[in-house]
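Next up is one chain by itself, shown in structure tokens, the form predicted alone.
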């Protein structure tokens, strides 16, 4: 019984860390314009819309965060093997991983913007200096939280996978949660506020992203302020639930039928969430219907 109570406590802690990681990851992604909506940022100068958005995407969020979290976890594991305190080892590993992220962001922004020079898109040095530091700060929070929860899973719960492999797996899951949950909010609600709600992005509007903020030209910090409130929170809740429910079912049901109990509970959870998602989708379609053009009175 004590072991189960201890496991549930660790489960709650890892879920909280995952919530923080998901929120920071999505905000970092939106400030850096990394992910699916970035295609419109990349397209904008080609359509004649010069902008001040920090454009650093050369890979999707899942592989990028898989790399950074695996790197942070691997370095932390190496430091701990040298008898360094676990907390200090995780901090040092994540700091070094964030430096790699900063190099990645800098070279990606300069390389992508240089490829758009013939379309008149300049490299803004102030954007490079200010945005890189902000994305690195958010990336550190996301990587540190993820590596810490991996260490808890490995050390406190006795997971057989080594820390670097856990970092790779949960880093990919972190990037996938932010990409699937938060990016649509950044792409449709923020980049295309000049389009009517529900209209989608018509071909004629491709690349015509919103480039002006409430005062002056819009930059990536404006996007971060806007998307963190809902998109970041939703991504955090998504990743937090993934981690919490995954570990929860393992703690409570792994001892049943040599592990089959946890597998069956996992399948049942997937089916329940599928039914709930389908119900919400049908309810939304019935209540709101398809988008229709507004008719102008003659």
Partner chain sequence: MSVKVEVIEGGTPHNTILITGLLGTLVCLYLTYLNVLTNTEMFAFFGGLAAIIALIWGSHTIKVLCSYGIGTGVPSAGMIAFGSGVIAMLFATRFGILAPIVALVLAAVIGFILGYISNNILNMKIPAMVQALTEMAAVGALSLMGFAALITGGFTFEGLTTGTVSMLGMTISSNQISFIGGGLIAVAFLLGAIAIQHPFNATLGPGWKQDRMLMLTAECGFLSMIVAAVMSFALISAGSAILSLIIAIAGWAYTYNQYIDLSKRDAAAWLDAKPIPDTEGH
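These numbers were taken from a predicted model, which means no experiment stands behind them. Positions refer to the first chain, counted from 1.
One more form of this protein exists, namely the form predicted together with the partner chain; it is left out here, but the text below deals with it.
Participant: Tell me, which of 134, 78, 176, 141 has a heavy atom within 4.5 angstroms of the partner chain in the model of the complex?
Facilitator: Looking at 134, 78, 176, 141 one by one, just 78 meets the 4.5 Å heavy-atom criterion.
Participant: Out of 183, 121, 220, 148, which one falls within 4.5 Å of the partner chain in the model of the complex, going by heavy atoms?
Facilitator: Spelling it out, the residue with a heavy atom inside the cut-off is 121.
Participant: Of the listed stretches (245-253, 231-239, 46-54, 266-274), which one has a non-hydrogen atom within 4.5 Å of the partner chain in the model of the complex?
Facilitator: Heavy-atom contact with the partner occurs in 46-54.
Participant: With a 4.5 Å heavy atom cut-off, would you call residue 262 a contact of the partner chain in the model of the complex?
Facilitator: It does not: once the partner chain is placed as it appears in the model of the complex, residue 262 has no heavy atom within 4.5 Å of it.
Participant: Should residue 64 be counted as a contact of the partner chain in the model of the complex, where contact means heavy atoms within 4.5 Å?
Facilitator: Residue 64: yes, in contact with the partner chain in the model of the complex.
Participant: Although the partner isn't part of this model, could you tell me whether residue 152 comes within 4.5 Å of the partner chain in the model of the complex, counting any heavy atom of the residue?
Facilitator: Residue 152: no contact with the partner chain in the model of the complex.
Participant: Is residue 84 part of the interface with the partner chain in the model of the complex - any heavy atom within 4.5 Å?
Facilitator: Because no heavy atom of residue 84 falls inside 4.5 Å of the partner chain in the model of the complex, the answer is no.
Participant: Every residue in 6, 20 and 156 with a non-hydrogen atom within 4.5 Å of the partner chain in the model of the complex?
Facilitator: Heavy-atom distance to the partner chain in the model of the complex: none of the three under 4.5 Å.
Participant: May I ask you to list the residues of 58-75 that have any heavy atom within 4.5 angstroms of the partner chain in the model of the complex, in sequence order?
Facilitator: In sequence order, 58, 59, 60, 63, 64, 66, 67, 70, 71, 74, 75 come within 4.5 Å of the partner.
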